[in-house]
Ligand SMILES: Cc1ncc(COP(=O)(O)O)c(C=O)c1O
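In the block that follows, a single chain appears as structure tokens, in the form predicted alone.
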């Protein structure tokens, strides 16, 4: 193996950057968008209804509602559940902030349960430990496309009369014991922002088989109107109003994306399997695991770094891969470098709305919550070792995948050799570490 680029060797890849969040936008999407534009029906209308029917059919669900994004999808689910001040909702620390901050949109308190060390999804045993009389719901997240072990969570929900909203933003098409994720909890929520498995630029949707929840979520999506009243509902506001509608333009694109969903998922999985085959024997690296309870999809392809074998931390690994041309160090300060959510400033400082500490410290909340290091040790270690290597994007070419695998093998092999020789590995600078945030 040649010398690392950081040591004066030739980079594995130069010039063309790897695709990360480029949308799959083909002629079908363009023509659908033009058709809506020519009809001059740009806001939510017929195309949105057709999109919702297509989504419900694809998932085998009774109802679907298209909304402005995945965050608002979570919000209308919690609103429909009746979550409010004084309530607690159990959430995961290994996710994007929306999975947890959505609880605060209803003035309720997020309670973090730890994750399974192998699959990084909610650990049902720790969920059970975190349930109190104030608990009203659980939000399991199928991170990176890995289905959550849902049977024990649903059993806890039945036992304690809790709601479950599956956050499936990164996992449409994943299955749990033969059922598509999002169809097992009371509500499934999804994101279609750029880079997701299907994309409408911005957007999201919910699915449910519950008629009452459907009507409530529909109302929260559209200014608290009553769907059953039709046009007359324009002047019947009985709740605080929100507008989370998707546009007809986004919906037109979404319809074409649903038609391609099986193909897009299959290509992502093919890309991921190829990378796993190339990387499975690389020292100091663990490839993604397939859970015994279902089949995953690949929104992102992440590897687990073994610092005790490589002789260094994940940041030095990232810097070395960037020098080889297959990683963008800009991701050090983005969602591709996860910080445990319970260590985010929002929670450490208990920052609420209106310069208050509500809902964390509020007359309507009779519990007490503290966030900080040690609260979820498995997730904290995972954030130090789980490296979001690349999107499994369907537009990646064989040469792209080979460059990724070659660079990982090159860096890992070099680091193992340096450790054996007692050579310090210190490529990361103070500037690099500063991008990771305080701590």
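Positions refer to the first chain, counted from 1. In this text the structure is predicted, and so the values were computed from the model without any measurement.
Separately, the form predicted in complex with the named molecule exists; it is not shown, and the next lines address it.
* Go through 66-74, 371-379, 44-52, 28-36 and give me the stretch that gets within 4.5 Å of the named molecule in the predicted complex, heavy atoms only. => Checking each option against the 4.5 Å cut-off leaves 66-74.
Answer with yes or no whether residue 188 is in contact with the named molecule in the predicted complex, where contact means some heavy atom within 4.5 Å. Output for residue 188 is no: heavy atoms all beyond 4.5 Å of the named molecule.
(Q) Although the partner isn't part of this model, could you tell me whether residue 95 comes within 4.5 Å of the named molecule in the predicted complex, counting any heavy atom of the residue? (A) Contact with the named molecule, yes.
Taking heavy atoms only, is residue 172 within 4.5 angstroms of the named molecule in the predicted complex? Heavy-atom contact with the named molecule at 4.5 Å: absent for residue 172.
Is there any non-hydrogen atom of residue 203 lying within 4.5 Å of the named molecule in the predicted complex?
Residue 203 belongs to the contact set for the named molecule.
If you check 156, 346, 193, 362 against the named molecule in the predicted complex, which one has a heavy atom within 4.5 Å?
Answer to the contact question: 193.
- Query: Which of 207, 141, 246, 90 has a heavy atom within 4.5 Å of the named molecule in the predicted complex?
  - Reply: That would be 141.
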